[in-house]
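Just the one chain here, laid out as structure tokens, in the form predicted alone.
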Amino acid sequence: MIYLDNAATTKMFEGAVGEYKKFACDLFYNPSAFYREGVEVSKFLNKARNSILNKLGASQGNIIFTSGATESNNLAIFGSKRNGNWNYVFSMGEHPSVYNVARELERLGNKVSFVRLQENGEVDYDQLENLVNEKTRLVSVMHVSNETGVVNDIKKVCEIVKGKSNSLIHVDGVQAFNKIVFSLDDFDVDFYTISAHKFHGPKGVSALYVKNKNDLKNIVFGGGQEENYRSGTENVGAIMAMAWASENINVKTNFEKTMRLKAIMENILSTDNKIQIVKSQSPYILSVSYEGVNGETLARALQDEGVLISTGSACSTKKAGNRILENMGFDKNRIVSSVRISFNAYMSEEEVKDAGKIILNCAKKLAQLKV
């Protein structure tokens, strides 16, 4: 089986599994406990915070551990909300865990604006500038699209937003962290979301970077863990496994290798002129469509051939259409035909070559069946 749905989740590192076991079975103590063992575990948690901060390239700021990117995104948006005549700005390319929060803000009576996407998949920076004003409380723009791999220019977003307002900026960095080279010190962002299972850590654990904790209020009430920003006993094993996975990834080396893997796949698929490829800067995600072939049908047929791909975000597989591709101006036929191929840096070139040939042959067979 060749797994090409790494944007949905990745295989956990064996070393991260070992780290999880260490803190689940040996150093299993509650970090809030007053006795020595609990205090020692609390120290390990702080080491994990510093490790994540360092990997983010942030010389200042705070890390809050949560149960997943969905919670981190909700915490950043709802936790930074304040009473008053504020407006909120989101890109149309956001993951459902941001986009649906925006819609909920709107349902609750808040003024919410959405920035369209350009044909290349990036946010429309000119429209963003027009929508932001001194009453904008929060702007949320994702770093790397989970559907297409298109990378938004976050530095440019920050310059636009901060140049017109004192608005807070939230970035969903789930498909960027430990995948593309960047440093938060180069961006003026206030919140940044990461998720462990996207970079070979465990599911069910995430972190939210917060530049200034005064900009945030808790949305979960309880025992006051995570400095009262996220109550609930910390999932220590998963947090330590996340930090271990992060520390053991060489982002630059992996980027270069994955770029070669993506190029191999593109070269194989582009031999057929019925295939359309979305050009993107991230090597980890490739969005393609085959004229006349239903994407879901192709994905199911490939499963029988031992190749796993998807039709888009795993969080949206039960919903019709594709908001991101629609906003890029794709017609209905191309949207229906689209599939997402996503890589990890630990695949072999032979695996990708074999998968490319299988995808191409399977698509051709399905196209012939429709004639």
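The shown structure was predicted, so the numbers you read here are calculated from the model rather than taken from an experiment. All residue numbers refer to positions in the sequence shown, first residue = 1.
Another form exists, predicted in complex with a small molecule; not displayed. Remarks below refer to it.
Proximity to the small molecule in the model of the complex, single hit among Asn178, Asn146, Ser282, Thr258 (heavy atom within 4.5 Å): Contact residue from the list: Asn146.
Among the candidates Asn87, Ser97, Asn235, Asn152, the residue which, in the model of the complex, approaches the small molecule to within 4.5 Å (heavy atoms): Contact check passes for Ser97.
Lys211: touches the small molecule in the model of the complex, heavy atom cutoff 4.5 angstroms: Contact check for Lys211: no, nothing within 4.5 Å of the small molecule in the model of the complex.
Proximity of His200 to the small molecule in the model of the complex, heavy atoms at 4.5 Å: Judged by the heavy-atom cut-off of 4.5 Å, His200 is well away from the small molecule in the model of the complex.
Partner proximity in the model of the complex: Thr70 to the small molecule, non-hydrogen atom cutoff 4.5 Å: Looking in the model of the complex, residue contacts with the small molecule include Thr70, since a heavy atom lies within 4.5 Å.
Interface membership of Leu286, the small molecule in the model of the complex, 4.5 Å heavy atom rule: It does not: once the small molecule is placed as it appears in the model of the complex, Leu286 has no heavy atom within 4.5 Å of it.
Partner-facing stretch of 169-177, 101-109, 250-258, 77-85, counted where any non-hydrogen atom is within 4.5 angstroms of the small molecule in the model of the complex: That would be stretch 169-177.
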